[in-house]
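Quick heads-up: it's one chain on its own, the form predicted on its own, in structure tokens.
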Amino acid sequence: MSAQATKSEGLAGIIAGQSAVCSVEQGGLYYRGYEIHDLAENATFEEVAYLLLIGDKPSGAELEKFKKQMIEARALPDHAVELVKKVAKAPAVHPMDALRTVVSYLAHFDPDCQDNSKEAELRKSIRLTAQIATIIGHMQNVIDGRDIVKPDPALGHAANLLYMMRGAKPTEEEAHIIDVSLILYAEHDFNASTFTGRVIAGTLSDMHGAVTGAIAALKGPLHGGANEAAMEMIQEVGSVDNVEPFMKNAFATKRKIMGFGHRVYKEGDHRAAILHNLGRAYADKKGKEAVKWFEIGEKVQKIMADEKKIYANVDFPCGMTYFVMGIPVPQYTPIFVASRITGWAAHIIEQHENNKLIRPLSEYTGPSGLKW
């Protein structure tokens, strides 16, 4: 490591590049200048996807054209559907592994795969955003032993995602909750998966390759998999009465409490309360069994805040919200991908437009002066 280099484990605090896509700040989260509460309350996921990919708020005509392109791109070729059927029930598969495999496979049949021009990348971005939701829906059909549910062109992106997974059309409230969750997860600066995608794109590799790498990075429980791990932990707690002894033991054994803390949001994640409020309102209507999970979660949050001054990030309420909606826990992170593909694609396009190979240094800690 050179004398001029700055050492930072995990690149914490290091500015690794410039971006006009997103700003993650203690005081707010902004997608191309628009604050996340404003977007969650007033925009749809399709509008946010357009904003991230194209760079501007769409007009009515632009949005309709964009939505039409998304709908037309939803269906998978028959051979890709057959691949989903094969990998979705492989012996050691996680849905994120299956999703990664099918996305990589689709590259071979995308006419723009090897073209890194902005126009081609926008076309690929739209296709991937539409296709990933379809892959997730088909995967769940296979896991549940149901016939494949084809996309419904009359439904919006979030509603169609739920419809394909379940085989039944969601209520307006359910579609809205998923739509908002997709908005909240769509983009988040140079996080691990986005940075992975940019590193791959920085070699001038293709978008499908960069997205495949990003999916692999997102799978980990310290990143996208945190929503799954958070809900599994809440299930382990089991009851409100067990929260205090569980947390006391967790602190004593230095167990990591999933879904808490953030490198930037030291005083709390701006997205968490938005999703918590939507999920809790839905649970209240479902009844006591659904509310129980939020009561457990709220008590965990209070203990973490009071004793550790650490606050929930968006993954914590996501776990509870998806759970009371009946979404299988292993699909939480794939749904994250169905959202974050828009942010990844925006960053990959940005990287290719003004490319510089990403190549940090390391500090060597091994032996020296050995003789063979």
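Quick note: we count residues from 1 along the sequence shown, nothing fancier. All values derive from a computational prediction rather than experimental measurement.
This next part talks about the form predicted in complex with another copy of the chain, which is not shown.
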*Thinking of another copy of the chain in the model of the complex, which stretch from 133-141, 239-247, 283-291, 195-203 has heavy atoms inside 4.5 Å of it?*
195-203
*Heavy atom within 4.5 Å of another copy of the chain in the model of the complex: which of A120, A73, I274, A107 fits that? Just give me the one.*
A107
*So in the model of the complex, does D38 come within 4.5 Å of another copy of the chain, heavy atom to heavy atom?*
yes
*Does K65 make contact with another copy of the chain in the model of the complex, using a 4.5 Å heavy atom cut-off?*
no
*Report whether the minimum heavy atom distance between F190 and another copy of the chain in the model of the complex is within 4.5 Å.*
yes
*Is there any non-hydrogen atom of G209 lying within 4.5 Å of another copy of the chain in the model of the complex?*
yes
*asked:* Can you list, in sequence order, the residues from 352-371 that come within 4.5 Å of another copy of the chain in the model of the complex, counting heavy atoms only?
replied: N355, K356, L357, I358, R359, P360, L361, S362, E363, Y364, T365, G366, P367, S368, G369, L370, K371
